[in-house]
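Two forms, one protein chain; structure tokens for each follow separately as structure 1 and structure 2.
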Structure 1
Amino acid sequence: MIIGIVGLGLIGGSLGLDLRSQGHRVLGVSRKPGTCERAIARGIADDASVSPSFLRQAEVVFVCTPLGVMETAVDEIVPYLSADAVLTDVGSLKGWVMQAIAPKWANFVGGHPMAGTAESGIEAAQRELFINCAYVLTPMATTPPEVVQRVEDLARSLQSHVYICSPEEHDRAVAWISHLPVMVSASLISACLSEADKPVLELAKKLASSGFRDTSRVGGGNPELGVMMAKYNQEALLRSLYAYREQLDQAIAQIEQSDWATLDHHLQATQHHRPNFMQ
């Protein structure tokens, strides 16, 4: 199959490496000539160009740019796509993508491979990034089934687990397990920094170990990603944050009232349920 990839960074580049190794011909498009040269040199693409007209022959095109430029990128490539080409994206949010992009191409299906590292750019691309990861597809009622099937087959060929749901369900689910943790983790770091007693704050920094490392990791990540989550998933994120605030208020009340039995019951329940999120 001839596969186009627009945006040759961590996700686009990793897709290129795996799809090429399966024997597909990969055509890459990026905005910088240097990225195109690296894509060929690293074996990410058979050929690469800064021109979207390059995608005329592509049968399936993955749009792997940052969300902020995805709409423009799609506007640029659509005039060159063959009539039966399948278009998909890898954006981390699906409600906005389906509103902005789906109307531009009938054979479009939204996708989100839930894999990544802390790195970005073409040098971060790696083989087998998607093995055992969830790959969510968000077709609409009007999406031709064969379009969904084509992208689903490619996702399965990466050894990902495919889940099909609505864009709203996807965005609400990722608000709980990805976007809320970023805000909670960032708030944890800010709360620690609010310690007014400087020697205590310095001591806390020195004593911080694995527990703080685990709970502060996502809050100490790329600020752009956090803002992107809030901007493109505002409603679902706020809903999760309000629920989280309610949980915090309950914990505060239990501790203020020395209600150890209720606190114990609560922590027993969270201990019991956590493994269900780690499958």
Structure 2
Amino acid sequence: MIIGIVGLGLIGGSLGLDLRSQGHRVLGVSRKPGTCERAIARGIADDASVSPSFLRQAEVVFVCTPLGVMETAVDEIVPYLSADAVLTDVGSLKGWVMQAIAPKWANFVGGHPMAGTAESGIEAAQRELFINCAYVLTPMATTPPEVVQRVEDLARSLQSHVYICSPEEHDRAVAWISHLPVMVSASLISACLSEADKPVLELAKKLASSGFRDTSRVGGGNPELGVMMAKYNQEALLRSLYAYREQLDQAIAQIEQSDWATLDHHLQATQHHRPNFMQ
């Protein structure tokens, strides 16, 4: 199969590495000539270009640009797609994508491979990034079943776990387990930096280990991605932030009142429920 990838960063580059290893021919498109050259050199793409006309041969095209430029990117590539080409995206929000992007192409399937690292750009691309990760598809009722199946087959070939749901369900779910953690993690880092005693702050930095590393990781990720999450999923993210603030207020009250029994009950409950999110 001939596959086009528009946007050769972490996700687009990783898709290219894996799909080429399966024998697909990958055509990459980037705005930067240097990125195109690097994609070929790293084995991410068989060929790459800054011109969207490069995608005339593509049977399936993955749009892997940031959300903020996705609509412009799709407008640029649609005139060059063959009539039966399948278009899909990897955006972390699906409500906006299905409203703004889906109407532009009948064979469009909304997609979200839920994989990544704290790094970004083509040098961050890696093989087998999507193994055992969730890959969400949000087709419309009018999307041809064979089009959905083609994208699903490619997602499963990456050894991802495929889930199909509505855009609204997707956005509410990821607000809890993806977007809220970014804001909480970033706030954790900011809270630590508010320590006015410099020796204590420096000691805290030296003592930081796995607990801080794990809880601060997503807050130290790509700022552009965090802003896009908030901008394009504002309602659902605010809903989760308000709920989280309520939980914090309850914890503060329990500690202020030395209510250790209630705090213990709360921590027992969270210990019990966490494995259900780690399937």
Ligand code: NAP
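Under this definition, the rigid core comprises the largest set of C-alpha atoms superposing within 1.5 Å between the forms. Everything numeric here is computed off the predicted structure, so don't read it as measured data. Here, residue number means position along structure 1's sequence, counting from 1.
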| item | value |
| --- | --- |
| Selected structure - criterion: the form predicted alone | 2 |
| Among Arg172, Ser49, Cys133, Asp259, the one marking the hinge of the rigid-body motion between structure 1 and structure 2 | Arg172 |
| Smaller-part rotation in degrees, where the chain is treated as two rigid parts between structure 1 and structure 2 | 11 |
| Pro223: CA movement between structure 1 and structure 2 [superposed on rigid core, Å] | 3.0 |
| Lys205: CA movement between structure 1 and structure 2 [superposed on rigid core, Å] | 5.8 |
